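Shown next as structure tokens: one chain only, the form predicted alone.
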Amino acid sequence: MFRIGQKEIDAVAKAIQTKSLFKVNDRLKITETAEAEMREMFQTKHAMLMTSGHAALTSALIGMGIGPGDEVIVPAYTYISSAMAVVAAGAIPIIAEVDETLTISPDDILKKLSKHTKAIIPVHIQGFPCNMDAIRKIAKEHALFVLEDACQADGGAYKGKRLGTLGDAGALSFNYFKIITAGEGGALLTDDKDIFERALIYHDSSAVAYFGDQLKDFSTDLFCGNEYRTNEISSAILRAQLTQLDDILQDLRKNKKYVMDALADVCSFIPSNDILGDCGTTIAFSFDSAEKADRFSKANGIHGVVPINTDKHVYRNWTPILEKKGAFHPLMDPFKMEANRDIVPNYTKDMCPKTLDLLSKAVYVSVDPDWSVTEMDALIRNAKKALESLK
């Protein structure tokens, strides 16, 4: 979806000319500035750039104190990284169904709760906002953390508030396939000082004590962590990308609405928890059979994708999770840890039948923010022709 060009080239050139590419420096301080700009844009107290969305998810879970003996509920439809972040923290992912919006089902969250549940990870897949009112209500009633995976929903919103800022923490991604990109990268958002401090230490445990005053006013003691530190080149690209984010979202939403309005009388769409906050990256058609969805996706000029076929985004293809291979060394594997002995579930490929059914009856058509009216009208004609052929 991203737009990239001379502005990003100039930003990188300026960073290189300083010869000060480490995150902490006394020159341009690009990362520091980018994080300040993100705090303003997302209206959050803390924003931390790092190497990926997975790094942000894992760091957030560590910041929440999640670990062995804990269960974290994740949707059956999300990239495998969401579940792997739980395993990286030493905890056990509990897989819940999605509902008709193709986001995590609040009803199934309630069914999957146990005395070991410590957090919920709602995933705003394809930029579709989750039902955050229902999820936050469940979390409040059961004293659970909410970690929003907004890695496919940079800048999206739910009832006027940016995705990634409605829970205790949120994760964004800026890799090549996202709405804005730094080639690779991610961010953690939170208002919670404790989560922020622990996540900062964990994501860069080899440097936070030695460079700058990153630990100023911290109450958290240092502990061993990982190495997810970003750099000034990535941050320079991201700063330029952030200035384009809302324009990209506006054009995506406008183009999605144009096509959907034109087809509203002749087809059904996946319902939305907040169509205004939806990122607009994807038009999601709904059919009454998998056979019709498959035929429509392959029709001339549609270029559709049936989400059941999106490999590692569907739980039944999460081979390391389903086979309970949480680490190379068995003593580091959460699925084999004594603290988790009584909570490791019996994962099966058919354990979430509703999710599989819904995903097999949907078709995605990606939206281009730079579509012309001529291009959209051609898509509309092709869609009407394909839909007519299904009758």
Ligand SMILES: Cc1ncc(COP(=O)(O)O)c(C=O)c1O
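Worth saying up front: this structure is predicted, and the values here are computed from it rather than measured. Numbers for residues come from their place in the sequence shown, where the first is 1.
What follows is about the form predicted in complex with the named molecule, which we do not show.
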property: Non-hydrogen atom contact Tyr79 with the named molecule in the model of the complex at 4.5 angstroms; result: yes
property: 4.5 angstroms heavy atom contact with the named molecule in the model of the complex for Gly185; result: yes
property: 4.5 Å heavy atom contact, His54 to the named molecule in the model of the complex; result: yes
property: In the model of the complex, Asn175 touching the named molecule (heavy atom, 4.5 Å); result: yes
property: Partner-proximal stretch of 188 to 196, 79 to 87, 251 to 259, 138 to 146 relative to the named molecule in the model of the complex, 4.5 angstroms, heavy atom; result: 79 to 87
property: Partner-contacting position among Ala169, Cys151, Ala96, Ala91 - heavy atom within 4.5 Å of the named molecule in the model of the complex; result: Cys151
property: Single option in Ile120, Val123, Ala236, Leu163 placed near the named molecule in the model of the complex, where near means a heavy atom within 4.5 Å; result: Val123
property: Residues in 344 to 372 with any heavy atom within 4.5 Å of the named molecule in the model of the complex; result: none
